[in-house]
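Structure 1 and structure 2 below are the same protein chain in two forms, each given by itself as structure tokens.
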Structure 1
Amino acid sequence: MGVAHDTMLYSYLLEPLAGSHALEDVVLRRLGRKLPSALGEAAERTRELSALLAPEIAREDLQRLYEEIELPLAAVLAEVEAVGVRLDPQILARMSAEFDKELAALTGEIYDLAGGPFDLDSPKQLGEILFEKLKLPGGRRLKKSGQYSTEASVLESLAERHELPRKIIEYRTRAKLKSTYIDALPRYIHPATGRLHTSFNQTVARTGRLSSSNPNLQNIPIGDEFGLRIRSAVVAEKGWLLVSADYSQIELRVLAHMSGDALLIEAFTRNEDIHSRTAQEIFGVPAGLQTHEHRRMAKAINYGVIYGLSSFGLAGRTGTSKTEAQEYIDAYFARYGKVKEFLGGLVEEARRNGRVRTLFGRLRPIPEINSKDVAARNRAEREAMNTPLQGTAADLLKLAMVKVQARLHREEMHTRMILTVHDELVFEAPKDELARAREIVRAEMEGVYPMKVPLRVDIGVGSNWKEAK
């Protein structure tokens, strides 16, 4: 039996920066004509398109990525969407009432700090209070409207100086979570199944990551109080439990594998705390004497390197000066020399070929890598460094989804995959299958691909997603 031809996936792999991979758009872009309305003619255009794109997939060395990851993943995602997740609307209703009270209290505090009431949803009024009434520094007027910018980055910089912008950030965060998730999610519960069925988008993210829509579950905050409260409303069926399987520091492990840096490989092989190890290497402080601040700074440096942060960007994340941040970056690369060589090599590859690849061959064009505009070129260099790491992590997760689902089917398990968010897979398992389900998930996720460092998965179990997480 031959391999199926999916022109949408072909288009996505060949042109990940394209705005759309819908059939009519690809036909117009590649064949220079509109998709006919008559079914017979449309089928002929599709065959013509497939005959054009399939050889390109082979020439670009994307065949294995297509056949072993993207094509089988499409079937897995269809199953996950069909199963859906169970929500408890009563939990969300109680949460909505709690958020109303918290927002009302926050509003009162904000009015007190501002010296009187104003429209919290008006950037114009907020800007005038911050920069004219309170005389806070850094006011910048927008060219189009003439009003002060009150975007998140502006408020975050001001929050170090005054409590009002801190409270505004908190208010905006809670208000957005309430409108986007707490109040909106119940409307997505299907009347026939009683479950929420999000749509996973396989051909959107340029790095290869999955996204979701109707509703978007990818943006539920990770690791904070508000995100956990929302996750508590995702519950298991009676007699079942949720199993959360989350890759631990997968992008840093990918960095160790792809760079071949001996120190990083050693740290992960010994199952050391990588942030503690970096703190020891850079600050010279043994693990037993490190403070929370040492580890926080080391974590910011580790992930800052992945995202290609400049000294300015790292200074913003760590609260240090630009000079100190540059010293940290220099110290990091002095200890992890192979990482510096590897990242520099990615930038050179992008300059030479106009694109970079993941470990599995996924392409990412970097069109602005040789731009004369400094800001655009710097942004392109960061993309060149980050995409192979983030994209490889995405490929590993996708391959894990394919392998776990195949194993569950092969062993005729009732356990079902219900959700994926970032580096995490969530399953719903009957209680009598729990032990076996955990074994299968761990084995397939940690053994998904031979790496120079071990992949680690944190597995949690609970009656709801918060408990499992």
Structure 2
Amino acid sequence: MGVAHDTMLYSYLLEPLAGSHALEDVVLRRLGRKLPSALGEAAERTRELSALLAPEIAREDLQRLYEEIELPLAAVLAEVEAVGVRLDPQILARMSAEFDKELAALTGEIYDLAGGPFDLDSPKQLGEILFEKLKLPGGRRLKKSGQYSTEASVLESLAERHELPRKIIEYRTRAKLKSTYIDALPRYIHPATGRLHTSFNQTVARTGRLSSSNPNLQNIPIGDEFGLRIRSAVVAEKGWLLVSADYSQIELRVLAHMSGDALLIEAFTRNEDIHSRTAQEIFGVPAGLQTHEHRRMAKAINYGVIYGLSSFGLAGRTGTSKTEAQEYIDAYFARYGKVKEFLGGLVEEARRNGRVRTLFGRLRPIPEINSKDVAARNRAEREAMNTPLQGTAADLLKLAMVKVQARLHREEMHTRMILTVHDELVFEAPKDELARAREIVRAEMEGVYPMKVPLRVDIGVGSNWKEAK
């Protein structure tokens, strides 16, 4: 027997902002009573709940999203979680010892520079040392706690006045990698399978994205050499290979489709790389000479500008003046005229309906859109601009997951899906199935849903995740 009504998915689709969609909470919220502990009565309440929610799903036009995407996806996710990923604990064990030494040395240097020991993991203590004891300039106060801000960008701005801030940044970066990944991940290896089994949460993100927890495998480092080493610890079984398939410039392509902007559509029809072009424009580096870091920063700028980055924010990130930043933003939207119109239309839609939808009809309420609090309202406008694009990209990947998995099953392949990261799927394939697996993945992902622009997927293969990307 299959599943007919999934109240958790119903609830999430109807109220994506709700904090919980656990049966107990949904019964309380929607039926106004406590879920009985007696199983027979609990079953009655559950049936009553599904009878309430199913027609609402239909009224809100969420039926196809539920039947064709979310419900079949739940089964796919269960499989992906059960398969798990292999981790090479030796790579991380070596790094742990290495980081121990490095962190100890950094700690000593920092105490010397600070004129005494303190808790390096305490931003509160660090702030007092920097701005009171050492009397460094600035000292912006945080809103909620009144503490001094000690985040990396603040420390960076202090770096020319004192050696300490750089050391702190170095310490923080190393400590973060060690505590969150190097030491934490091996503890999650399941004794029975010898693999890592994350949870992919289907009812958490307000835009329709999936999230991953315990452990989170959607934020495995990639940034610098150490990050790459950590990523290389996610490995394929002997005789198998990892295949990574990541949509190229996905939300930009979604934007091109939804806005209908001719120039953006033409760019993708010509197979151009907008991130790389932005890198060239901002840093003056031609495509051939760009590092991953260049493209990554350019990507952040592209999405930042689209989703409401201010001239202040852009100037802070690029080091240019606020005036120049504003000129860049203006030029950006002047170039893509219909993009500006389209984003404005989303804000209008939110004002009118109190909510926005993705291409597939997924809903997100924007409750603060008419707020009198300027900050809250501005934030709501940015949410209204972001959600249809981020959410449509999520819908596309979810649909692709369902299709790819169906195809792998239908063709009785041994290739298995092991990870999903927003616009990327990772598979583990037996070496002799590799070519076929690649074909299937590319075909199903690129053909998932025909759009005004082609969808492109970058596919890589390797014995570990770093190599495959």
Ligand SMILES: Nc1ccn([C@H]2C[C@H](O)[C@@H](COP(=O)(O)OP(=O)(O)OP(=O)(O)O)O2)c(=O)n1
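For clarity, every value in this text was computed on a predicted model and none was experimentally measured. So that the term is clear: the rigid core is the largest set of C-alpha atoms that superpose within 1.5 Å between two forms. Numbering runs along the sequence of structure 1, starting at 1.
Here the form predicted on its own appears as structure 1, and structure 2 shows the other form of the same chain.
Here I250 does not count as shifted, since its C-alpha moves by less than 2 Å between structures 1 and 2 after the core is aligned. In the core-superposed comparison between structures 1 and 2, the C-alpha atom of D100 has shifted by at least 2 angstroms.
The Cα position of A279 differs by 2 Å or more between structures 1 and 2 after fitting on the rigid core. A C-alpha shift of 5.1 Å is found for P117 between structures 1 and 2, based on superposition of the rigid core. We note a C-alpha movement of 2.6 Å at N302 between structures 1 and 2, with the rigid core held in register.
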